[in-house]
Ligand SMILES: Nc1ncnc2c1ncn2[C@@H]1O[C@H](COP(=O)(O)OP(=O)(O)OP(=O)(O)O)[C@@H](O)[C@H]1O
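So this first bit is one chain, no partners, the form predicted on its own, shown in structure tokens.
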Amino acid sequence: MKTDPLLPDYREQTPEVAARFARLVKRPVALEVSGLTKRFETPRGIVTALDDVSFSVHKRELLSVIGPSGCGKSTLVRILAGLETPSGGEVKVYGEPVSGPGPDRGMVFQGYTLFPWRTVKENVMFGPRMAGTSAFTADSEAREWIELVGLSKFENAYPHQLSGGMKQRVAIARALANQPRVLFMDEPFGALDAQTRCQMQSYLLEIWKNVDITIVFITHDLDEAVFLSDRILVLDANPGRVREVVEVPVPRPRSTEQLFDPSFLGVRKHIDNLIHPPGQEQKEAPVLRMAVADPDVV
């Protein structure tokens, strides 16, 4: 069944795209999530944030997670990164159970989590130095990561001297400097303006193309999810459950011109229907009058 009579079926794939997905599922499983459940104790009782969530991510895949507010996206990614403990279920990275944070996983947050008293290069060097890498080697490797994100001219700058997009590029370089096998990104571009966000999406695809890394990307932006991803995990809310895993039929390499391509619009419409089913009643926002009504103001 087509998601919209004016758009192609989101499942329609060109032979090239079908071949890409066939190659993807033959790769090793980088991340395996089985029966994941998370409950929180609150004054009102126990709240289930995630319920029986299961999915897998293959090596070198870029998978986005999207869903309505309250579906547990951030809780999920924190558990995957080992920053929170699940109430049930299991997470494995290349077959090894996750029991806490580890060097095999990197994390990039929405906020700019850089050390303000350290330069760009010192921020990127921090992880390797803590792991015991010599100062000379850490310095050399940091310069390579900084060059990869296009900030070589700013390696001696401090975070307060950088724009928001530049700070996030440093955060990505710092995470990659630890050479993780899987990178988790929790709405990393959510605080950026639209133009910078678009630039950062292109930067991320270029970085991903040149680094042996698997990415799980949390977002609430439909266009961002479709533009970046191989597949998209759609969650239901209250509690968070897997609604569907959607294959993105948009060919790679991606470009902003594809935002208006029928295949892009078709899969975007399908995901929008999953999150906001047609016919679902929308609650009206409460209205508080702060002035006498004026008939000329509409």
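All residue numbers are counted from 1 along the displayed sequence. Since the structure is predicted, the reported quantities are computational estimates derived from the model, not experimental observations.
Just so it is clear, the following notes concern the form predicted together with this ligand, a form of the same protein that is not shown.
I need to confirm a contact call. Of Thr75, Thr113, Gln199, Gln179, which residue comes within 4.5 Å of this ligand in the model of the complex, counting heavy atoms only? For this set of options, the contacting one is Thr75.
So which of Gly35, Pro28, Pro253, Gly70 reaches within 4.5 angstroms of this ligand in the model of the complex, heavy atom to heavy atom? In short, Gly70.
Sort through 266-274, 242-250, 46-54, 225-233 and report the only stretch with a non-hydrogen atom within 4.5 Å of this ligand in the model of the complex. Careful reading of the contacts points to 46-54.
I'd like to know if Glu187 sits close to this ligand in the model of the complex, meaning any non-hydrogen atom pair within 4.5 angstroms. Yes, Glu187 lies within 4.5 Å of this ligand in the model of the complex.
Is Phe260 a contact residue for this ligand in the model of the complex, using a 4.5 Å heavy atom cut-off? Close contact is absent here: in the model of the complex, Phe260 is far from this ligand, nothing within 4.5 Å, heavy atoms only.
Residue by residue through 25-44, tell me which have a non-hydrogen atom within 4.5 angstroms of this ligand in the model of the complex. Read in sequence order, the residues that approach this ligand (within 4.5 Å, in the model of the complex) are Phe40, Thr42.
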